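In the C-alpha cells that follow, a single protein chain appears in two forms: structure 1, then structure 2.
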Structure 1
C-alpha cells in the first residue's frame, strides 16, 4: 500500500512538472501535416506580405504564386476536383475584402490543374489587435486544408474603432458588424421563451422525470393514458403557435426584403498562367535523407538546352527553402521565416548549354527536424517532390519540379 502511494505521488509530481513546462505554440497547423502531403500537394512560390505591422482598419495584401504538384498523393482527393483559396489565421482577427487567382474573383470554389502555375492575391483588413501567424490555405474537398507558408503580422490600435461597411446592390450602406443582429436577438429570445413555456408546463405536472419514466415503463402499451386531454390541447396550441410564427416570419421577411440573392455554390473555371518553355529538364536519380546529419541528398540528371550555363540557386520543398549562397542572396524576413540562406551545396554544376550531366545537391539544415519533416522516413508512401530554381548567366530563372522515391539513410553505412 505504501509503495502504491509513493508511485502515485511521483506520478502526480511528474505530471505537474510536464504541465508547467508546456512550450508556447508559435504556429497553427503546418507542422502537423504529413511531410509527404506538404511536399507533394502544393508548391508555394514567391509569397509576399505587403506589411508585417499595421493598425486596425489598415490593409495587408498577401500575394504570390502556387503550383499543384504533378506528384499529388494518390490516397487523397485531388485538387483537380473541388478547391477553394482561403486564408488561415487565429480567430476573426482580419476581414477578407478580396481574393483572386489569375485575376478571377475567388467567391466560389474552383479546381486547379496539377503542374500548372497560378498567381494569387488576397486582400485583408485588420480587425483586432494582436500578433497573428497568417497562412495562405487551399481547402480541397475531401482532403482538408493544404497550408502554405506563414508570416507573423502584428496589428495595433483600438478594436472599437474597427469599421466594416458594405454597399448593397440596391445602394444601401450597411454595417456588417451588427447588421441584422437585432433580428437575431429578437427571434432567439422568442424561441427561448416558447421552449421555456413548454418546459414550465410539464414541470408543473407531477410526477416528472424519473418517476414519470418509471410509471410509463410500468404501464407499457397503456402509457398513453398518462397524457390528459389538457396535455393534448396544450400540445395543439404550441404546435399551432410554432407554425404560425414560422409562416409569419417568412411572410414578414418576404415583405421587408423582397429582393435577395442566394448564396453562390457553383464552381468557376480559372485558366492557368501561360508558362514559357523551360530549357532545363531534370530527372531524379536518387533521393536520400541522412538522419544523423539532417541532410537531404539529391542526385539528378540535368539537361540544359538553353544558350547559357545554368546552376541551382534554390531548392524548395514542404514550405522550406534552401539557398545556394553562391548564386542567391536571400535572407529570412524574421526568425520564423523558413529560409536557410546558406544551406544548399551543389556538386557538378554549372551545366553548360547542350550538356546533360549528373548534379548532386545537399540540403543540410536543422529545419528538417524542427519543422517535423523527418517523419517522412516512417511513411509507407516514401515519395518526395520539390522545386528547383535554376539561374543562367543572364540572371534568368527557370523553375523545374522533380519527384520520386526517397531512401532513408541511418548513417550506418557510408555511401
Structure 2
C-alpha cells in the first residue's frame, strides 16, 4: 500500500510539474488537410464573429457567406449530395442555439450547390471557460469536415453557472444539463443490483472454480446434478422478478411519458442566394508556385464587361487571404487570422470597361509555408482554385472564382 501511495505521489507530482508549463490554448488541426482540397472545397467570405470575449451563458454569433467551389474534386464525395453546417470546437464548450443558411434552420442535414452563394449565421452560448479557436465547418458525407476560418474566442466565468433549458411541446420546462438522468441512474442502479445479487448468489458457493470444474468433468453428461433445488428456486425467483420488472418498467414509462415521438431526421432543402451577374470574368492562363520565395504567381485573362475599371483587391484560397493594400485595408483579427494585409501584388490592372487583358498576381507570404499550403506540390491532383475579389471605381465588389493546374517552381530552372 505504501509502495502504491509513493508511486502515485511521484507520478502525480511529475505530471503536475509537466502540466504547469502547458499553455491553456485550444488550437485546431486543419493544417493537416491537403491544400488543394482546402482550396477547392468551400470559399468562406466575410466571416464575422460578434465578440472575442464573453462570459459563461453569453451569446456569440458567427456569420458570413460561403460558396462551394466549382472546382470541387470529382474523386471526393460532393457537397451537392449530403452536407451539414457545423462548428469546430473541441467538445461542447459552447451549445448551439441556432444555425441557419439563407434563413433556413440547419438542424438537419442538407446539400449545397457548387458555385452558389449562401449566407449563414450560427448562434452559440458559452458553456465552459477557456480560450477556443472557433471554426465554421461544413461536414460533407464521405469527404469529411471542410474547415472554415477560425477565430479565438475567450470564455470566462463559472462553468457551474451554465444554464440550458428548453420547453417541451407538453409545456414542461427542462434543464438539458441533467434532464432525465436521475431516472436513468435509478433504473441502471436497480438492474445493476439485480445482476450483482445473482453473481453474489453463485459466489457464496466459493471456492467454485476448481471444485466445480472437477465435479463437472467427473460427472460429464450428468453434471446437471450439481444444480441444487435452491439454485432452481433462485433461478425461478430471479426470472420472475426480471420479467415483472421489465413489464412494470415499461407500463410505468408509458403512464409517465404517454406522448413521445420518434427521433427526427431527414434532409432539408436550402435555396441559394440570388447573385447578380458579375461583369468580370476570369480565365486562368497559368498558376505557378515558387517554393524558394513562397510566392504564388497567377497569370489571368480578365474581361471587364462593366461600366467602371476594376482591380483585384483580394485573392483568397484555402482560408488564406492575400490583400492588395492599395485597394483594401484588412487587418487580422488575432494572431491566427490568416490575413496577409499587404501581400498581393497586381500587374496589368486595372482593367478598363469593355477590356480583356492579361493580369499577373503575386501572392507572397510566409503563410503558404506556415499553413502547409506548400504541400500542394505533393498532391496527386495538382489543381488549385481560389477566389478573386475585384473592386470597381464605385467601391462595388465582384467575386470571381478561378481554377486550374498548378506548376511548382523549385527555383532550379532559370526563367
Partner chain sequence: MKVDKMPLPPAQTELRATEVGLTSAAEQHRAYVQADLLIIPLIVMLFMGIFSFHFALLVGDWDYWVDWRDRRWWPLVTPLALTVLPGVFGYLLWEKLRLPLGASLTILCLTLAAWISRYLNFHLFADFPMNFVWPSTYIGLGLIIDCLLLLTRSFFWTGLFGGFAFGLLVYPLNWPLLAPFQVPVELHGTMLTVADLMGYEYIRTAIPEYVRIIEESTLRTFGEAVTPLTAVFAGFLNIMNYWFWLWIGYLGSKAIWIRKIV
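Numbering follows the first chain given and starts at 1. Only the largest set of C-alpha atoms that superpose within 1.5 Å between the two forms is called the rigid core. Every value quoted in this text rests on a predicted model; they were computed, and no experiment measured them.
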(message) Only one of structures 1 and 2 is the form predicted alone; identify it.
(response) 1
(message) Quick check: between structures 1 and 2, is the chain's rigid part containing residue 204 also the one containing residue 80?
(response) no
(request) For the two-rigid-part motion between structures 1 and 2, write down the angle in ° by which the smaller part turns against the larger. (result) 14
(request) Would you look up how far the C-alpha of residue 229 moves between structures 1 and 2 when the rigid core is overlaid, in angstrom? (result) 9.9
(request) Once both forms sit on the same core, give the Cα displacement of residue 194 between structures 1 and 2 in angstrom. (result) 4.7
